[in-house]
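In the block that follows, a single chain appears as structure tokens, in the form predicted on its own.
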């Protein structure tokens, strides 16, 4: 019998699922391996050595051995307890829940490296914990950038159909972004100038402009991001309806 393939990686716990009486299946987005599912044995027992280290939104250093269908966690050390740090803040907690679910949905294939998605997720959670920006702004920025990484980027500075440069006040979700008057299809939404400016700021990382945006523009931009996200994934995110309404 050959050696059991053991590997080490770091990652963010996306979700956990009970398995039997004492175990859990842990879904993790790792830096090098991509999204993996692994059994964490005995973590539901009060005497478990690392049960609390494998909670959603926790950034962990892991040792695992590779199995046929599921890997097995053998060691886990916390690198940053993002989830615990925002657990008491409903707005940030629900925003992080959407981030975790979206990251899982965007990494379609297991064990397919996705470093950009991993870095986006860690950066988004770190920004939520820092409390320097409104949680919904952080979430919308994460979703816009994740859509781009996944190949569904929202076109905001040129027509999504003909490519003519411009920040047009009409947005078509099926077309992939703003559309010029000649290309505007039936059902395209009218977008206010402040909301369009905010979307551009969130996608580019212009936090000074994003933080200065008025509340109506934030609500409008969030609605557009949610509609665009749900169009480009197979089904809606379960966590999205639980976001704090501000």
Partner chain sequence: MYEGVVQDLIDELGLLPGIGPKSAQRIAFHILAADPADVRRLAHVLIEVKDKVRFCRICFNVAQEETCRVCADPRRDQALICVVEEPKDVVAIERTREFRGRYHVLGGAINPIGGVGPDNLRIRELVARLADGTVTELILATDPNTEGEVTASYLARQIGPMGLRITRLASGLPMGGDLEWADEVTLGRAFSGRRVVEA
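Positions refer to the first chain, counted from 1. What you are looking at is a predicted structure, and each value in this text was computed from that prediction instead of being measured.
This protein has a second form, the form predicted together with its partner chain, left out of what is shown; the following refers to that one.
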Hey, with its partner chain in the predicted bound form, do 55, 81 and 88 all fall inside the 4.5 Å heavy atom range?
-> yes
Which of 180-188, 209-217, 39-47, 196-204 sits within 4.5 Å of its partner chain in the predicted bound form, heavy atom basis | 39-47
Would residue 15 show up as a contact with its partner chain in the predicted bound form if we use heavy atoms at 4.5 Å?
-> yes
Does at least one non-hydrogen atom of residue 101 fall within 4.5 angstroms of its partner chain in the predicted bound form?
-> yes
Taking heavy atoms only, is residue 126 within 4.5 angstroms of its partner chain in the predicted bound form?
-> no
Does the 4.5 Å heavy atom contact test between residue 132 and its partner chain in the predicted bound form come out positive?
-> no
Though its partner chain is not shown, can you say which of 97, 144, 156, 137 has a heavy atom within 4.5 Å of it in the predicted bound form?
-> 97
